[in-house]
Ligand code: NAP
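This document opens with one chain alone, in structure tokens, the form predicted on its own.
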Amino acid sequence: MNPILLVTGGSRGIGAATARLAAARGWDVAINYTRDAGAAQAVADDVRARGRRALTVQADVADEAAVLAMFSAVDRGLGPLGGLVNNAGIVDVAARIDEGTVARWQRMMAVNVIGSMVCAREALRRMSTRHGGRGGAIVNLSSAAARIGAGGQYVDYATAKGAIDVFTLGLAREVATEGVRVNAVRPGIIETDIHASGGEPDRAARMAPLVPMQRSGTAQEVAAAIVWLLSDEASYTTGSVVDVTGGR
């Protein structure tokens, strides 16, 4: 049986690239999405074209009940989980902290931090040998913003991603003897649709001169790091945060 992977936020950008590459490397893939069922279905079609099984599952990761239903759907539709990519995340329009609102910050943390924790909890209940599982791997999506701070733009987003770094390290140590590896990838300036959702569709091109390699990255380049961390080639790697930032 092929290993089974759940990618949250898998209908676009880094998540979609990860789903496609994972399928090419032998994974059956569950593609989570929040709103765009058509985009998720297109990714599922690409997974099937690579000879693997695919399932689309709708859920807002900030909604615990929806996350529980999503994991149950994966159990029924594909089988025992072997990997989780905590990719679902949001930004907002650029704003200073003294211009922020509690509602914005609560939503940022609910999706980017709590959502990842709930998904990790449910994955562990299926994969950890402590719960009778066969082991597996979790890859969390952080951001170079966690190191840089994103002052004047997205301090709240950077704060959430800093929490993901700490969560990755702590969880990796917590489950290191239970057959589950936990790592994170920290993308830098990457060409994806997330910039448009933050009101800056040209942000990647505009920021490219700040990158030592003098270009933005691609979703495929980030996906390559994620899929490696999921693979047996990374069997002695846990608690690591891999920068995919062009040197920034």
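Quick note: we count residues from 1 along the sequence shown, nothing fancier. Computed from a predicted structure; not experimentally measured.
Keep in mind that the form predicted in complex with the named molecule is not shown, yet the notes after this line are about it.
Only one of 44-52, 183-191, 207-215, 22-30 gets a heavy atom within 4.5 Å of the named molecule in the model of the complex; which is it?
-> That would be 183-191.
Of 74, 123, 160, 141, which one comes within 4.5 Å of the named molecule in the model of the complex, counting heavy atoms only?
-> By the 4.5 Å heavy-atom cutoff, the listed residue in contact is 141.
Since exactly one of 78, 175, 111, 155 fits, which has a heavy atom within 4.5 Å of the named molecule in the model of the complex?
-> Residue within 4.5 Å of the partner: 111.
Using a 4.5 Å heavy atom cut-off, state whether residue 83 contacts the named molecule in the model of the complex.
-> No, no contact at 4.5 Å.
Indicate whether the named molecule has at least one heavy atom within 4.5 Å of a heavy atom of residue 137 in the model of the complex.
-> Outside the cut-off, so no.
Find out whether any non-hydrogen atom of residue 107 is located within 4.5 angstroms of the named molecule in the model of the complex, and reply yes or no.
-> Close contact exists here: in the model of the complex, residue 107 approaches the named molecule to within 4.5 Å, heavy atoms only.
Flag residue 36 as yes or no: does it have a non-hydrogen atom within 4.5 angstroms of any non-hydrogen atom of the named molecule in the model of the complex?
-> Yes, residue 36 sits close enough to the named molecule in the model of the complex that at least one of its heavy atoms falls within 4.5 Å.
May I ask you to list the residues of 86-110 that have any heavy atom within 4.5 angstroms of the named molecule in the model of the complex, in sequence order?
-> Residues within 4.5 Å: 87, 88, 89, 90, 107.
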